[in-house]
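Just one chain is shown here, as structure tokens, and it is the form predicted alone.
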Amino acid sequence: MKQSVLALTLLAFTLVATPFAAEGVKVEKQEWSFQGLRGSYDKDQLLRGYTVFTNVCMACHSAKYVSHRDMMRAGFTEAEVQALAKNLNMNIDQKLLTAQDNQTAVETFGKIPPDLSLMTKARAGLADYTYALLTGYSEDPELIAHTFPKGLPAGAHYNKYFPGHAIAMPNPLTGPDMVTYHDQTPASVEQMAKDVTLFMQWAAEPERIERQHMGLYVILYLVIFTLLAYLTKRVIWKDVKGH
């Protein structure tokens, strides 16, 4: 019995706490509000991330599976999302699409920037990798020369967390105070990276918190069911052995 309960506990811990690492690149683990069985999406941080996404990322990228109405699942009221959409001259059911056309994107970057709706789930390392990538740009000539003795490939930028370290995307967070937050949080590069990563994580898994909370109830149910089954087995076999 004790072994069964221990096995279930270890399984629960493994599902929640197992870290991910980006392929070929070591990234540091970050603390996120959505992690753990009691995790949640912090509404203020989500709004800060939305601010970075719509003011910086949407210059080139889209989130074609996300609309303002979807943000009501994270605790925003209809009036709040109406106001946010109005600031972008959108209605709450329109998707977050960049105004940049494909031809301009190809001429500028050599390729069409990927949609970011599911990006945190599409990369090993998940949210940790996204944050690391956004803060991993460097223009240190010695570092670049050490990695690329013949110089960076044409049109590439150095990023210590990107596999191969040569990424086509220019640094989107070039300095602090690129945005103004609603709650007056200082918009450092690290803060903006953390906030927009949270927003992208929510966009990729808006149902995550519901799933985590349901998982807790399922684990508790399995533990109680195992205990009851064990006690029932003892009662039944006690009578059988008595005869």
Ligand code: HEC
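Given the structure is predicted, the values throughout are model-derived calculations rather than measurements. For every residue, the number given is its place in the sequence shown, counted from 1.
There is also a form predicted together with heme C; it is not shown, and the following applies to it.
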Taking 4.5 angstroms as the cut-off for heavy atoms, does residue 111 touch heme C in the model of the complex?
yes
Within 4.5 Å, heavy atoms only: does residue 57 come near heme C in the model of the complex?
yes
Going by a heavy atom distance of 4.5 Å, is residue 172 a contact of heme C in the model of the complex?
yes
Distance check, residue 61 to heme C in the model of the complex, heavy atom within 4.5 Å
yes
Check each of 127, 96, 71, 133 and return the one that places a heavy atom within 4.5 angstroms of heme C in the model of the complex.
133
Of the candidate stretches 164 to 172, 71 to 79, 144 to 152, 84 to 92, the one with residues having heavy atoms within 4.5 Å of heme C in the model of the complex is 164 to 172
Taking heme C as it sits in the model of the complex, which residues of 187 to 205 have a non-hydrogen atom within 4.5 Å of it? Please list them.
196, 200
